[in-house]
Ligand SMILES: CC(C)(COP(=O)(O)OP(=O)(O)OC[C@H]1O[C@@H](n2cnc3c(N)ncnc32)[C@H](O)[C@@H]1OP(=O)(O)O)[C@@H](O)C(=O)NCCC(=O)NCCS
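Just one chain follows, in the form predicted on its own, and it is written as structure tokens.
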């Protein structure tokens, strides 16, 4: 098994949309994802994928492997042909000097393993590659776990946005980090440690956006 951080493709939309429905209300439409991937000039969509090889041929071992795979998460059944399982996804908009985290989510079945930090670090690195001056995101005021992760990367609260989430009118914190020299050095230390811990392949943060 191996983890890969890469640009989102049209073929990923089915898995991504399934996670989106579990994580957000309202979720994005399939058409919205297609637009972000193929048409938007400012969008850089990313997925965290786990590659799982084909099952062993022996019937007893194969059944056990399938059982373990299904217990891992809903999206895992897509790996039966040796393809990848999307564990989470994110989106980054780069508009002039601002990099905006438009969305970030991990399949609930895969949470608690540090995968959300991999996605955040990938988008942070992409913002640096795109020469953004700062990064912006919104987070629920009740989501203390996410806020703790964002503070780890230097984000701080700027303002409280009233009734930001349409599903329940919860407020959001507008959090930002300036990409100055100290922030860059902090990020490089955190990114290096993260790569050593998880051994993931990064085909996103320092790669150009694919076209067509």
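Values in this document were obtained by computation on a predicted structure and should not be read as measured data. Positions refer to the first chain, counted from 1.
Keep in mind that the form predicted in complex with the ligand is not shown, yet the notes after this line are about it.
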**OP:** Decide whether residue 42 counts as a contact residue for the ligand in the model of the complex under a heavy atom distance cut-off of 4.5 Å.
**Re:** no
Subject >> 4.5 Å heavy atom contact, residue 97 and the ligand in the model of the complex >> reply: no
Original post:
Is there a heavy atom of residue 163 lying 4.5 Å or less from a heavy atom of the ligand in the model of the complex?
Top reply: no
Original post:
Is there a heavy atom of residue 184 lying 4.5 Å or less from a heavy atom of the ligand in the model of the complex?
Top reply: no
Subject >> Stretch in contact in the model of the complex with the ligand, which is absent here, among 176-184, 142-150, 30-38, 155-163 (heavy atoms within 4.5 Å) >> reply: 142-150
Subject >> Proximity to the ligand in the model of the complex, single hit among 106, 132, 121, 85 (heavy atom within 4.5 Å) >> reply: 106
Subject >> Partner contacts in the model of the complex for 18-32 (non-hydrogen atom within 4.5 angstroms of the ligand) >> reply: 23, 24
